[in-house]
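Before any questions on how it binds or moves, here is one chain, the form predicted on its own, in structure tokens.
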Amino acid sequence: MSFSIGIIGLPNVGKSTLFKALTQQEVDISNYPFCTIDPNIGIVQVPDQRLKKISELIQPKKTTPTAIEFVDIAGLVKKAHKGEGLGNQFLAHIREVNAVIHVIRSFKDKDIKHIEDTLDIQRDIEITETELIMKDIETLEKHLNKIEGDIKARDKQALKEKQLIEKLQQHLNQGKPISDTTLTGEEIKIIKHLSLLTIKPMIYLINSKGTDDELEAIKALPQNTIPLDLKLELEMSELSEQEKQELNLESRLDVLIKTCYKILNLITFYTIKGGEETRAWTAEENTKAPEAGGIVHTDFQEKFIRAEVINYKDLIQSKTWKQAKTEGKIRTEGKEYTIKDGDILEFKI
């Protein structure tokens, strides 16, 4: 099971700089609009101190962290929903990701031209979000026209869709993203096939040098807003751990990755394969044990009987799997067990 995060924003705000800092992949970060045309895709290991502690205890031959995918998407301009710039291509790529990091520039630099000529965090956020909202309005109108015949025939599912679309249209027409409204599980299922853009959870990343006026402007922004100096983060990503310690530098990219997990309602669980491998896995909250088994291996879901479960803290306290078993800290759980963040599981098939 893989999860992907799209990196979006106006041209020249630091999207590709962020992508390179995260992935250490060579990408074009030239100072001109649309230097990114096809999206860059990179897999990033999720920082995990718990996995490190488990491995120090077990000392396996191999330790494998879980990972998350980042997609650097071309810059957006006004009227993108009508095809301006790389609009249609840009918006199509957003449909394919699970969540979005919206990069907004707040630092001054005479050598890096802002596409709007001036700096204004709120305006730049509104430009991007307006384009996403306008595209969703267009998508809903097209779908409503498509099911018009079914509506006239009093098809129950089509009528449900019509009512929901009208509710969402009203919300979007007020300039609000769908993520701001409350949807039931059934409603989310009804519109899932439309791949709406503004339903996706969003992180606001302010590319900031950390000046007082920048930080004051950031205070008024929504939750899940993270200020980062992306140029500094890129420079740090090219240093060794020892060099960072000597220079007293600490990256905040870990905070960003953990926030991605939070907004997607993701958790981490672990498996220990004898003395061979200790591995971290990503799952959504409320995942049942057999489904977690399926993330590890298809057979584990199909042939699931039970799982032995211990929280990583309990294993660290007991020091060995055998000792934890003796102390009664390892439980046997069945098909209805919902896995918890930090669980270590051994699947029985």
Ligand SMILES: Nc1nc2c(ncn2[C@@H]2O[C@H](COP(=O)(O)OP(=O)(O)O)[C@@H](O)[C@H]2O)c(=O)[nH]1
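Because the structure is a prediction, the values reported are computed rather than measured. Residue positions are given as counts along the sequence shown, with the first one as 1.
Heads up, the form predicted in complex with the ligand isn't pictured, but that's what we're talking about next.
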Within 4.5 angstroms, counting heavy atoms, which one of the listed stretches 225-233, 242-250, 176-184, 142-150 is next to the ligand in the model of the complex?
225-233
Is it the case that Asp109, even though its partner is missing from this view, gets within 4.5 Å of the ligand in the model of the complex, heavy atoms only?
yes
Would you classify Thr198 as touching the ligand in the model of the complex, given a 4.5 Å non-hydrogen atom cut-off?
no
Non-hydrogen atom contact Thr278 with the ligand in the model of the complex at 4.5 angstroms
no
Would Ala21 sit within 4.5 Å of the ligand in the model of the complex, counting heavy atoms only?
no
Output the sequence-ordered list of residues from 9-23 with at least one heavy atom within 4.5 Å of the ligand in the model of the complex.
Leu10, Pro11, Asn12, Val13, Gly14, Lys15, Ser16, Thr17
